[in-house]
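The data below hold one chain only, encoded as structure tokens and taken in the form predicted alone.
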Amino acid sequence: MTKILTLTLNPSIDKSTNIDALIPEQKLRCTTPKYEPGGGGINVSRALSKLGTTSKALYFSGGHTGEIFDELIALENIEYQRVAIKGNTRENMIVLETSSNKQYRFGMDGPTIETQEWQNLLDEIAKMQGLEFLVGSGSLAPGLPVDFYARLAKIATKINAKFILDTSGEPLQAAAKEGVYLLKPNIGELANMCGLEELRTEQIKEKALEIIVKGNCKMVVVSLGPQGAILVTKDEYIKIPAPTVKKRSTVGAGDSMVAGMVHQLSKAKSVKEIGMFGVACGSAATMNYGTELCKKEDVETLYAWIEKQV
């Protein structure tokens, strides 16, 4: 029985490569590309697998690129289910400039999802029994209604699943009003939700509590990037520092953080342990190239450091 379901509404074939220098109007020699299945929920499931927790990835897939995507995900150690669409699954490119250690990320538009296609996906979730955690991560694909995640929140309530959401903009705001178990905005997204241009760190607790009270959210985890995260519930406020690591890639760091928190939630860990492990996973992901995500041994080392600081 599936207990953790991740959802990817705009999956991608992630192609990563290295070059010496990114120079315009010249033929650039790249290393042999690496192909991996990507997208928010897919990355969460991949990271969960690395941590030893099973999940099922549900995603849209279509066209000749969708066939390639399905082949790639079949190589991963995760359970998966595709929802067929007419459009072609998108492709993204990640390029590391080795001379500067700068990473360039080229994201392509995804296919337009037709009404019947996204309704099929909602119907699939509504039929699921025994689901404990529903994880929505990533942007909406073209064609999806702005309130799509809010609709998912309603379904999660009906099937008694805890909804964890990592997205931005209007979809995030609509879902927060409907009610989500755990929200993971960054500080800029939290400011946007509150109608502010920017937010100071000392304002986070107050603004997160407003969202918790208004939207029936249980937990808000605000990502601060290299500075760690702040976790807020109705009764707790925890600031979690991030360890200093050698950064190789930021792809999937947020998804690894979500995976770490879901991993701990599934084990009924404390709020503090959930936040610390999430930061450890997010930091560990940045230590690896391309879209490798976090490694369990790195997570354990970083978690031990964070535990001493909090």
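Worth saying up front: this structure is predicted, and the values here are computed from it rather than measured. Position 1 is the first residue in the sequence shown; the rest follow in order.
Not pictured, yet referred to below: the form predicted together with a small molecule.
The shortest heavy atom separation between A47 and the small molecule in the model of the complex exceeds 4.5 Å.
Proximity of N186 to the small molecule in the model of the complex: non-hydrogen atoms within 4.5 Å are present. For T286, a non-hydrogen atom is located within 4.5 Å of the small molecule in the model of the complex, even though that partner is not displayed. Residue contact with the small molecule in the model of the complex: L265 places no heavy atom within 4.5 Å of it. Heavy atoms within 4.5 Å of the small molecule in the model of the complex map, among the stretches 26 to 34, 47 to 55, 63 to 71, 244 to 252, onto 244 to 252 alone.
In terms of contact with the small molecule in the model of the complex, the residue from L224, L199, A150, I238 that brings a heavy atom within 4.5 Å is L224. The candidate spot formed by G228, M257 and V279 is fully in contact with the small molecule in the model of the complex: every one of the three has a heavy atom within 4.5 Å.
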